[in-house]
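First, one chain by itself in structure tokens, the form predicted alone.
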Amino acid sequence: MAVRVQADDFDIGAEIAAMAAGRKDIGAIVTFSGLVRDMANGQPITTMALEHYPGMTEKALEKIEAEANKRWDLQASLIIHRYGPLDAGANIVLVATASPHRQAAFESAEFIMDYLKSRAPFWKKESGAAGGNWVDARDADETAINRWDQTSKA
């Protein structure tokens, strides 16, 4: 189980290879990778700046990861989230979950991403030629969280 909050980019393939290295108990690895889009609300953007509180952010991500590991039988899990200024097309986040079976890997990765979107203490500002805008929370993110509150352990 691993959580990393970092400014540096990451290599998705290398991260997955490291997760699976020497493991024979993993039957499925599911990954989600998030990238900076070049459009937001119909406006072109060139950069996204992500801010966070060191220490507080890692604890929040560790709590989300621990909850996923309580709910599903996972052999491994990984959350990498970047901060700082990121150009359009750059990696923002990687979530990977490994389990003996695919259903647990799929569900746990989705659970982690839903909680990251609404509960992780990151602040995002999208910028382009028209200026910059802080990204607000979305109702859809809360709706996604609510379904997990009604779901028992997988």
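Start at 1 with the first residue shown and count on from there. Note that the structure is predicted; figures quoted are calculated from it, not measured.
Below, we turn to the form predicted together with a further copy of the same chain, even though it does not appear here.
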Can you tell me whether residue 64 touches a further copy of the same chain? I mean in the predicted bound form, with a 4.5 angstroms heavy atom cut-off. no
Find out whether any non-hydrogen atom of residue 26 is located within 4.5 angstroms of a further copy of the same chain in the predicted bound form, and reply yes or no. yes
So in the predicted bound form, is a further copy of the same chain close enough to residue 101 to count as touching (4.5 Å, heavy atoms)? yes
4.5 Å heavy atom contact, residue 44 and a further copy of the same chain in the predicted bound form: no
Could you pull out the residues of 89-127 that have any heavy atom within 4.5 Å of a further copy of the same chain in the predicted bound form? 89, 100, 101, 102, 103, 106, 109, 110, 113, 114, 117
